[in-house]
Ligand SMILES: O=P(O)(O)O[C@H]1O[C@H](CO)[C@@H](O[C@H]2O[C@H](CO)[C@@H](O)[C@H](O)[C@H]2O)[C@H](O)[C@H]1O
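Take a look at this one chain, the form predicted alone, written out in C-alpha cells.
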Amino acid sequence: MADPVTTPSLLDSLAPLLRTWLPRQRWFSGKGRPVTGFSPVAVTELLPPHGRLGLYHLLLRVHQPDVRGPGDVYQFLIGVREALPPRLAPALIGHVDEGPLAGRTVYEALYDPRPAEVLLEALRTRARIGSLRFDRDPGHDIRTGLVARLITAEQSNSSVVYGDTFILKLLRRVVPGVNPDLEIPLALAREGCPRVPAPTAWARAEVEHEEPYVLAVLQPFVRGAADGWELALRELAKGEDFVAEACALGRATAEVHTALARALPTVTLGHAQLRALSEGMRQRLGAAVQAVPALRPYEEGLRQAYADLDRPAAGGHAWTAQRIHGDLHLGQCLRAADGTWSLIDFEGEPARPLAERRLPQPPVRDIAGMLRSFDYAAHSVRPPAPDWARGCRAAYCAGYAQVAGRDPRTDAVLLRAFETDKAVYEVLYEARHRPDWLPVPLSAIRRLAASDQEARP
C-alpha cells in the first residue's frame, strides 16, 4: 500500500494530467464542468512504481464547481512505465514532471494485460491489499493463465474479458453501500435463475467511517453471445423483423422478474406511494423543460400522463413493487449461440442515488425501458422504421405475458407514465451528451404527449 506520507505528493503530480484526461472518458458523468481538484478516498499500491511496471489503485473524490455535496468518487487503475509501447498509445494519460513519479509515464492500466491479470489473481487468491478486499464464491475456481483483453466499446463502466472464460466489470463512479450490480445477481443465483450469469468473484474497498464500496464484479463470459442492440441493428440493416427475438426477450425478462419477486421483498404501492412516484416524475419533467426548451410545447400533455396515474391511485387501486433491473434496454441483454437470452448490468441508472436504485419498483418500469430501446433501434437507421419498433413492442409484451400471466399493456396508465419518464430522461441526456440523437426521444415525446389512444404501446 502507498505510504500515506507520499500520497499528497503523488496526487499533486497526477492531478494536472487527470484533470485533462478524465473529462474525455465516456464513463465520466461530470462533463460540461471543469475538474478543479481531487481528494483521496483510498490509494493502494499494487505493483511498486519504480520497476518495469508500476500499478496504483486510486479512489478519488472529484471536485467540480456548482456541484452539491462533496463530489463523486471515481475508481482509477493507473499504470506506471518509463515509456509506453505503441500498442498502449490509446491508454496514455500523460508524462509526470514532478513528484515521486517524475520522469515516468502514466496510463489507463486496463489496456495492459499484465495489470488486468493482477486484478484476476487478487480475486483468485481472495487477497487483502490495503483497503482493497477481493473475494469469490468458494464453489467456483478461477484458473491461472487467462489472457486479459479490454473491451474498448464505449461503456459507462469498464470491462475486461479473461480468456473468453470470465468478464470483469470495473465500476467507475462508485458509492458506499450495497450495489445492486452485485446484490441482485447473487440473489438470482440463490434462486437458480439461469437468465443472469452468477457472480464468480467481486472486489470492495473498506474505507474508515463509510460503508464498503463495491468496485468490481467477475462473472462467467457468455461465449459467442450477441449484444441485443447490435443484433437488432443487424436485423434492421437486412430488412428483417425482430419479432421472434423480442418475444423471447420478453419471456426472459418475466423469468427474471418472477425470480426476483421470490428472492427479495415485495411491497404494495398505495395512494401515498403512487402520489410520491408521480410527483417525482413531475419534478424531473420540470427540470428537463428548464434545461431543454424543445420540451416546452409538450409539457402539458406529458404532465397529463402523470395525472392519469394519480386517478386510479386515489380510487384505491394499488400496484405491487419489487426489485427490478432498473436500466433495462437492448444493450443490457445477451443472446447466446443457442438462442438463450441473458440479462446483465444490474447497476441501475448510475445518475440516480444508490438508495433510490435499490427501492422496489413496479416491474413495468423495466418494460418501459425496453420499449424505448426498440424505438431507439428503429430510429437509428435511415429512413426510420417505426413499424419495426411497433412489432417488437407488441411481441415483447406478448412474450412477457406468456411467463408472467399478465400482459403489461393492460396497465396502460402505469406503462405510459413510466415510458414518459424514461423519454424525458433521454431528452435531457441527449441534449447534454449527444445532441444529434435528440430527435429520437423527441419523436416519442410527441407520441406520449398526445391522447391516450395514440400513446398506447
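Just count from 1 along the sequence shown to find any residue number. Here the rigid core means the biggest group of C-alpha atoms that line up within 1.5 Å when the two forms are laid on top of each other. If you're wondering where the values come from, they're calculated on a predicted model, not measured in any experiment.
One more form of this protein exists, namely the form predicted in complex with the ligand; it is left out here, but the text below deals with it.
327, 117, 183, 72: which sits within 4.5 Å of the ligand in the model of the complex by any heavy atom? Answer to the contact question: 327.
Give me the residue from 322, 105, 156, 304 that has a heavy atom within 4.5 Å of the ligand in the model of the complex. The option sitting close enough to the partner is 156.
Would the ligand in the model of the complex be within 4.5 angstroms of a non-hydrogen atom of every residue among 124, 162 and 202? The answer is no; none of 124, 162 and 202 reaches the ligand.
Indicate whether the ligand has at least one heavy atom within 4.5 Å of a heavy atom of residue 430 in the model of the complex. Residue-level check for residue 430: yes, a contact with the ligand.
Examine residue 177 and determine whether its closest non-hydrogen atom to the ligand in the model of the complex is within 4.5 angstroms. Flag for residue 177 set to no.
For residue 376, is any heavy atom within 4.5 Å of the ligand in the model of the complex, or not? Answer yes; at least one heavy atom of residue 376 falls within 4.5 Å of the ligand in the model of the complex.
Under a 4.5 Å heavy atom criterion, is residue 422 part of the interface with the ligand in the model of the complex? Yes, contact at 4.5 Å.
Using a 4.5 Å heavy atom cut-off, indicate which stretch of 97 to 105, 241 to 249, 269 to 277, 342 to 350 touches the ligand in the model of the complex. Result for this chain: 342 to 350.
Pull the contact list for 433 to 450: residues with a heavy atom within 4.5 Å of the ligand in the model of the complex, in sequence order. The stretch 433 to 450, when checked against the ligand in the model of the complex, contributes 434, 437 at the 4.5 Å heavy-atom cut-off.
Align both forms on the core first, then report whether residue 433 has a C-alpha shift of 2 Å or more between the shown form and the other one. Passes the 2 Å threshold, so yes.
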